[in-house]
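Just one chain is shown here, as structure tokens, and it is the form predicted on its own.
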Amino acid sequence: MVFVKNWEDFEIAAENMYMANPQNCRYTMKYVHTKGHILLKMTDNVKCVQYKAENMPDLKKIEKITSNLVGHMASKE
């Protein structure tokens, strides 16, 4: 499992992973209350990328990538 330090790298890697193998991809989000951050994880059972969001401006970015991924999942293509 790889923690990506840069948001843009995580966003590109997660979207590319989903587009390459949409049937096996999983996207999870976990809030860790004791530490006050959100863990994002995208895996396709072969590769796994993770990102740790620790500040409030990252929430808008998380909302954007989640809506993009849900849009891909809901489309028929």
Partner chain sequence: MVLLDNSNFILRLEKIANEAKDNSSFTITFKRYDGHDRPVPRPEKKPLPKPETYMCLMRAQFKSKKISTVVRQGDVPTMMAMYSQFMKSKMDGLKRVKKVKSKAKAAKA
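Positions refer to the first chain, counted from 1. Only a predicted model underlies this, so the values are computations on that prediction, with no experimental measurement involved.
The protein also exists as the form predicted in complex with the partner chain; that form is not presented, and the subsequent description refers to it.
- Taking the partner from elsewhere, M29 is found to have a heavy atom lying within 4.5 Å of the partner chain in the predicted complex.
- In the predicted complex, the partner chain sits within 4.5 Å of a heavy atom of E63.
- In the predicted complex, no heavy atom of D9 sits within 4.5 Å of the partner chain.
- In the predicted complex, the partner chain sits within 4.5 Å of a heavy atom belonging to H37.
- Residues of 41-61 that come within 4.5 Å of the partner chain in the predicted complex, judged by any heavy atom, are A53, E54, N55, M56, P57, L59 in sequence order.
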